[in-house]
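Given as structure tokens, the chain that follows is alone and in the form predicted alone.
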Amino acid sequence: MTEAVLYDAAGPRGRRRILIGSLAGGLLVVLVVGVAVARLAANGVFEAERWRVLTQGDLQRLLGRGLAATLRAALVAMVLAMAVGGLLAVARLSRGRWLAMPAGAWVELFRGLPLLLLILFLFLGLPAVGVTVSTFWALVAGLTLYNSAVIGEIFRAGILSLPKGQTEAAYSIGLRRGQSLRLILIPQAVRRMLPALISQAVTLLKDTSLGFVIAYAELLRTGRNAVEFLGGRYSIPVYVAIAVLYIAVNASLSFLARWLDGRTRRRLGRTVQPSVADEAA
């Protein structure tokens, strides 16, 4: 059977044009970066005295407290979003419309609202009706509402991606729908959903920076406070340090995902692949 051809292979002239275009684009990027570095150097950004501020114990402790606050909010929100998202996925897959329709409305509502609007509504709107919410819980609740809708769809897509034969096999041995989901489908779907879940966790972690607008003392807010105290000339070193911390945490999440995936493969073997009959169905 011949494979579908999406595009024609480039000939000698086409490959030469691609090479020239790649070289020209690369040179342009190098030129722009070089000009930016030269301008920063002319303004004294790379002076050792400016970067030595990162070795101060007070600044390190301040950024450490901000990082801890960021991780605490992200962890609580991710656990709650996973729990709610799992319930939403099960409800949307239910045959009962009284469960599927409210779950679908939840997903469409909170997935369609900007996260910043949710956080501001929880922090500023709830006190207007007599409900006081701290900055921590306003941020966590907003992250939970938004990410539960996204994670619910990730769960649902992962379950629906499994071969139909898995469900039929579960029914054939006498399992009910809830048992087949819990014992057969979800354990297999988790492996397929893991990359998407880790990607969403990284997004959630970065979205904690929106706590800045409600004065929650997360990493970006504490960095801003440090810049206001030290002076604007130290802004680039401080923000570079914040960026490095974000990258380090997100890289650690990606490494954890790869480690978990490898351990699961060694313990459970390869994911069940759909048969020809399943694909034809």
Partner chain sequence: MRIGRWMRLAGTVLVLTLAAAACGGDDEGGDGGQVNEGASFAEGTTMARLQQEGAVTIGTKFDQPLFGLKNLEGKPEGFDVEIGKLIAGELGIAEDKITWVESVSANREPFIQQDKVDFVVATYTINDKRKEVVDFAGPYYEAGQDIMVAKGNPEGIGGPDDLAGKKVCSVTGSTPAENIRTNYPDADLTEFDVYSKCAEALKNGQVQAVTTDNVILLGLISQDEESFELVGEPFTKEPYGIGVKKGDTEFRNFINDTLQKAYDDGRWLAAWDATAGKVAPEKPTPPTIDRY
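Quick caveat: nothing in here was measured; it's all calculated off a predicted structure. Positions refer to the first chain, counted from 1.
One more form of this protein, predicted in complex with the partner chain, exists but is not displayed; see below.
*Asks:* Between Ala100, Leu160, Leu87, Val76, only one gets a heavy atom within 4.5 angstroms of the partner chain in the predicted complex; which residue is that?
*Replies:* By the 4.5 Å criterion, the partner-contacting residue is Val76.
*Asks:* Can any non-hydrogen atom of Leu256 be found within 4.5 angstroms of the partner chain in the predicted complex?
*Replies:* Close contact is absent here: in the predicted complex, Leu256 is far from the partner chain, nothing within 4.5 Å, heavy atoms only.
*Asks:* Determine whether any heavy atom of Glu49 comes within 4.5 Å of a heavy atom of the partner chain in the predicted complex, and answer yes or no.
*Replies:* Although the partner chain is absent here, Glu49 would stay clear of it in the predicted complex, with no heavy atoms inside 4.5 Å.
*Asks:* Indicate whether the partner chain has at least one heavy atom within 4.5 Å of a heavy atom of Lys164 in the predicted complex.
*Replies:* No - in the predicted complex, heavy atoms of Lys164 and the partner chain never come within 4.5 Å of each other.
*Asks:* Within a 4.5 Å heavy atom cut-off, is Leu183 in contact with the partner chain in the predicted complex?
*Replies:* Yes, contact at 4.5 Å.
*Asks:* Could you list which residues of 54 to 70 come within 4.5 Å of the partner chain in the predicted complex, counting heavy atoms only?
*Replies:* Gln56, Asp58, Leu59, Leu62, Arg65 sit within 4.5 Å of the partner.
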